[in-house]
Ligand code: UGA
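Just the one chain here, laid out as structure tokens, in the form predicted alone.
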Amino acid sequence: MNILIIGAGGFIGSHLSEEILARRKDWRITAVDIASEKIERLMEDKNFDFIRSDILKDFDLIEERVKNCDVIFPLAAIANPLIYVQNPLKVFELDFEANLRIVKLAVKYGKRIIFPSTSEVYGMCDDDEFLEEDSNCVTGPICRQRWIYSCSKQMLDRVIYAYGIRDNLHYTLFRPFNWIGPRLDDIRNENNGSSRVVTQFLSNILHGKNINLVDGGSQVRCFTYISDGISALVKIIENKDNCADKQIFNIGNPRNEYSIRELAHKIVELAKKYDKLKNLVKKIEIVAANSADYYGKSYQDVSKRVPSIKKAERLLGWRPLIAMDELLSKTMDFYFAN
């Protein structure tokens, strides 16, 4: 099987590539990205073919690679709330327009596509747990530009679903819920808002800065270790008895349900075990921050985001294994142990 991973140099793409090369010698990866730092160690593998390319520009190259693959993972996207607010059109151009071209190529050449939706498509849904087939997708007013990411992903979900009906496009949509682990973000960047929440807090500690809880940190998230997410993706690729064909899956860990405030306190306590952080942690405070000041006036948040994973358990035979303390320890060891 020839798997085309567009955005292979990112967080999910690098871990997915690593797992496939380690476990499945009968699968070959064509990896496309503008960056390769996270996948340098994979370059020598005979089943890994890396192409440095920008999908916003190299349309012919991408089409040729789609023609010659069996499965497409279009993972290239911007997933940072600060950019949603400050540069929404950049999000739209990559996350929607560029990926729509890839979806259309999958239809044109009859290729299977495994598309990364997002937990953010549910928006401000007030269900106790989000169901792939039943929960509403609720976003805020147009002036809250934070929602352009959610809307871009949701529109592609709807387009892919429609192609599945009209053109028999074979697809799987997966919705990651706060996947965390090594190589998530570069914590050397000390600017607030430059990383996702866990790595942002790690960056704050590394640089001796206070941890900011946006709007008090009462928001609830469910955190999933990257190895659990990748194990689900491998099952989706395998597609035993077509169990993943034309399906949508939440991939998250509802047992790791914590508020952002609880997360911050956990990270601070765990940071004390690292020699290089002990003195830094003593100087750090956990403080409240206004979202308009932190992200900008176009920001709007979600109070709770908890997935139902019953469908993934039933059809894929998958369930997450890594609990919260282990998840944080593994991630922090990567950034701080050495």
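The first residue of the shown sequence is 1; numbering continues from there. From a predicted model like this one, the values you see are computed outputs, not experimental measurements.
What comes next is about the form predicted together with this ligand, which does not appear here.
- This chain is displayed alone, yet in the predicted complex one of I237, V107, I260, V268 has a heavy atom within 4.5 Å of this ligand; that residue is I260.
- Screening T118, S203, Q247, T139 for any heavy atom within 4.5 Å of this ligand in the predicted complex leaves a single hit, T118.
- Just one listed stretch, out of 97 to 105, 239 to 247, 192 to 200, 122 to 130, contacts this ligand in the predicted complex at the 4.5 Å heavy atom level, and that stretch is 192 to 200.
- At the 4.5 Å threshold, heavy atoms of Y225 stay clear of this ligand in the predicted complex, well away from it.
- Contact annotation: G164 falls outside 4.5 Å of this ligand in the predicted complex, judged by heavy atom distances.
- Although the partner is absent here, V214 is a contact residue: one of its heavy atoms lies within 4.5 angstroms of this ligand in the predicted complex.
- In the predicted complex, this ligand lies farther than 4.5 Å from every heavy atom of P88.
- Heavy atoms closer than or equal to 4.5 Å to this ligand in the predicted complex belong, across 297 to 329, to the residues Y299, D301, R305, ordered by sequence position.
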